[in-house]
Structure formats: C-alpha cells, structure tokens
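Below sits a lone chain in structure tokens, taken as the form predicted alone.
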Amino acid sequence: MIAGVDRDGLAESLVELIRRTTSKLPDDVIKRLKEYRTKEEPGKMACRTLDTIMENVDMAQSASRPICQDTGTVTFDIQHPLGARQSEIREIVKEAVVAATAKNYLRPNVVDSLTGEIKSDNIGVGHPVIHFEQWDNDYLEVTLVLKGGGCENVGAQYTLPQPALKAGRDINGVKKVVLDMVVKAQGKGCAPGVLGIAIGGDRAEGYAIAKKQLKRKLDDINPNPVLAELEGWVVEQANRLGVGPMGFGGKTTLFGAKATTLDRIPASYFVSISYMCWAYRRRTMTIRNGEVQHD
C-alpha cells in the first residue's frame, strides 16, 4: 500500500492523471489564453490562430484525446512520505505509461538515439522521466508535465557576460539574454509560450530548476520582488516584439514567465531558460488515506 492505495489502484490513478494531462489544459492556462485573445485585433491572423487553438483545446477535452500530436517528454515529479519504496513506484509509473499509450492518451514517442528504433510503449532509457523527493507529509503528490519537442528545442542557456548583447552579470544582463532567446525562437516553439527561468547554479541544475518553474500557476506572484518584476518585464517586452502566435505576428508571444535563482560559484553565471508552448500540459494528483484527488 502506498498512501492507502494498492498497486492496481495507484496504476489506475496514474493512467487517469495522464489522460487528464494530455487532453485538458489547466484552468489557469485556459483563462490566460482567453485573456490574451481579447488583446488581438479581430480578423487578424493572430486572433484567428488563438481561436483555432481554443477550438482545438475544446475538442481535445470533449473527446479525451491529446491536445497535440506530440505528447512530448513525460515527466513525473513525485513527492512521497517516509517508507514509500521508490523502486516500486517507478515500476507502477512505467506500467501506467504503457497502459496510457495503449489507450492512445500518449503517442508512441520514444526513439532509440542510436538505432532510431521507436519504442511503441513509450518506455526507454531515461523515459519516462521520474524525479522523487521524500517529504514529511503523510500523502503522495504526483505532478505530471508533458513537454513537446518543438518547445524543448528552443530553450536556451546563456553564460554571462555576453558582450555581443551588452549583457553583464546582473539582472539587466539576465533580461537581455532572456529576451534574446525569445527573439531567436521566432514562434518556432509553438508560440504563445511560457518561460521557466533559472538564474545561477551549474549547467545541469540550472536547466532542471528552470523546468520546475513550469509547475507554478500562471497567476501566482513571485515572493521575491526583483524576480516578480523580471517576470512581468519579460512578458511585456516579449509581447512588443510582434512575433505573435505561431510566429504569424501579433501581440501575444508569451503569456507567462516564472523565474527563480540558484547560488553559483564565482567563475560561472548561467541563465537557463525552459520554453513551454501554448499546449501547457501539467496536472497534479494527490493520494491521502486512499482518497485520490485530481486538480
């Protein structure tokens, strides 16, 4: 038993988490997309593109089918109480991924990097991605993020200073490289998007923590006023670039940015940026005393 549920119960709950994540955008994401839709001029390509996106969202939810054909890298963040066996949970997660793929909630999306062989059950070396953290609570919490290849491809990591951008080792330098990343993406990451930003750390941890920022709600407020200002500035400035939805032009290039910091060693100053497309697929499930709750 894990948090009051048996193996089969946990597997079934994880399959349902995958179904909900792949077919239904979170309420805060839908709300934000609708808000930005009102800022575009009726009849313009940007407005029509956002209308098409929302139609796709509605159809996917109604049919319980993937919002995007690229169901992406399947990443689980699992927080568990003392005594839960990570090895057992890992096997149950894999069983759930296989079952969800068979039900067409996930597309067979994993490829052997050397041979090109497609893993039809979505189980491969390093996939699904599973992060564990033991905590002091007595319940299990699982957050699932599905991140497509298009948005993953346009993420970036910068080393400050960047003389060509006149970006020094300060918050203004951070702003310049983040905006440079958006300019270079030019809608190729399936804009409009959301950025996860990590300032500091080493290369590996910077990318990992940048991705974790994508677990945050769009309407939360960063408790650090410097980072809160950065988040607002990035969205405002990006939306002045004219890139727009899918790169077709318009006022909606980003609809969110979430930032955090990591301490670093003096020789390194990394800014890591993870880009999430409009198909912002994340969901959380909790299990307490055998009761399963989905957000």
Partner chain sequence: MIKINTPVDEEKIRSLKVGDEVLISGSIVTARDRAHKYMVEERPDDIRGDLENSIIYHCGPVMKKHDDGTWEVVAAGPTTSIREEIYQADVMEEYKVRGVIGKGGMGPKTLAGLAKTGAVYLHAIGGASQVLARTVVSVPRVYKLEEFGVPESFWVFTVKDFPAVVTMDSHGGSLHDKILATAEEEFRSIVDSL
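Not measured: the values here are computed from a predicted model. Numbering follows the first chain given and starts at 1.
The following text describes the form predicted in complex with the partner chain, which does not appear among the structures shown.
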Partner-contacting position among A156, L165, I130, I123 - heavy atom within 4.5 Å of the partner chain in the predicted complex = L165
Candidate from L262, C68, A228, I30 lying within 4.5 Å of the partner chain in the predicted complex - any heavy atom = C68
Looking in the predicted complex, is the partner chain within 4.5 angstroms of a heavy atom from every one of E55, V243 and M246?
-> yes
Work out which of the listed stretches, 137-145, 207-215, 181-189, 82-90, brings a heavy atom within 4.5 angstroms of the partner chain in the predicted complex.
-> 181-189
Proximity of Y269 to the partner chain in the predicted complex, heavy atoms at 4.5 Å | no
I221: touches the partner chain in the predicted complex, heavy atom cutoff 4.5 angstroms = no
Answer for K176 alone: is it within 4.5 Å of the partner chain in the predicted complex, judged on heavy atom distances?
-> yes
Within a 4.5 Å heavy atom cut-off, is T73 in contact with the partner chain in the predicted complex?
-> no
Applying a 4.5 angstroms cut-off on non-hydrogen atoms, the residues of 109-132 near the partner chain in the predicted complex are G116, I118
